[in-house]
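Heads up, the chain below is alone and in the form predicted alone; it's given as C-alpha cells.
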C-alpha cells in the first residue's frame, strides 16, 4: 500500500499530470519538486522525521538553469536516495527510448517501474503505480518485448504451471508437493529452481517477481 509519493520532474505540466494520476489512485499524499536536490532533501527530511516516502517517481533528464545542483540527473537522485532509504520504490517516467539504457535502469538501478513519456503515458503510469503498490515490477509490454523478446525462450507447460503457482502466491517450498499431486515432473525443488534460474538468465531477470510480471504482461500466464 502506498501512502506517500514524491514526484521529481522539471516540467510543470508533466509534474501536475503525474500528481493528478496519483491522486486519482487515492494515495493520501503526493508532493512534487522541480530539482533533484530538492527531491533528495525532502526524502532525507521525511525519513528522519519517521514519515518516509513510499515511492519516488522521477524523470531522468533535468534541464540545467541558473540554480547550481549537486544532483544533476534522475540517475544520481535514485542512487543517492537508495543510499539513505534502500527500500524506497522507484518509477522512472522519462522520454528515454534506448533499449540498452532502459534495461540498465532495471539491471543496475533496480528500479521498480519504467514508463516512457508518450501518447499513452497516463494509462501506463497508472498501471505502473498500481503494480508497484502490489510489490510488483512494472514495464510496459512494448518496451519489455524489445528488451526481452518472448521468442527468446519457449515456455513449456511445466514452466507455465510453476510460474502460475508462484503468481498465485504459492511459496517455492510448497510447489513440489503440488506438482506431485498434479502428476507433473520433475517435481523436485532443485530441478524447479534450476529451471527458473535458466529462464531468468535467458530473459535477463534477477527476481522471480520480474519473471512473473513479464509472463503476465505477455499473456503467458
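Computed from a predicted structure; not experimentally measured. C-alpha atoms forming the largest set that superposes within 1.5 Å between two forms make up the rigid core. Positions refer to the first chain, counted from 1.
Here the subject shifts to the form predicted in complex with another copy of the chain, a form of this protein not shown in this document.
> Can you pick the one in 122, 84, 109, 133 that has a heavy atom within 4.5 Å of another copy of the chain in the predicted complex?
Contact check passes for 122.
> Name the residue from 184, 167, 160, 29 that puts a heavy atom within 4.5 Å of another copy of the chain in the predicted complex.
Contact with another copy of the chain in the predicted complex is made by 167 alone.
> Is residue 198 near another copy of the chain? Define near as a heavy atom within 4.5 Å, in the predicted complex.
Outside the cut-off, so no.
> Please tell me whether any heavy atom belonging to residue 155 falls inside 4.5 Å of a heavy atom of another copy of the chain, as the geometry stands in the predicted complex.
Result no; residue 155 lies far from another copy of the chain in the predicted complex.
> Contact between residue 202 and another copy of the chain in the predicted complex at 4.5 Å, heavy atoms?
Output for residue 202 is no: heavy atoms all beyond 4.5 Å of another copy of the chain.
> Quick check on residue 117: any heavy atom within 4.5 Å of another copy of the chain in the predicted complex?
Yes - in the predicted complex, heavy atoms of residue 117 and another copy of the chain come within 4.5 Å of each other.
> Go through 201-218 residue by residue and record those having a heavy atom within 4.5 Å of another copy of the chain in the predicted complex; state none if no residue qualifies.
Contacting residues: 206, 207, 208, 209, 210, 212, 213, 216, 217.
> On a rigid core superposition, would residue 171 pass a 2 Å threshold for CA movement between the shown form and the other one?
For residue 171, whose C-alpha is compared between the shown form and the other one after core superposition, the shift is 2 Å or more.
> Shorter or longer C-alpha distance for residue 164 and residue 102 in the predicted complex, given it differs from this form by 3 Å or more?
Residues converge in the predicted complex, at least 3 Å closer.
> Have a look at residue 206 and residue 79: in the predicted complex, are their Cα atoms closer together or farther apart than in this form, given the change is 3 Å or more?
Farther, not closer.
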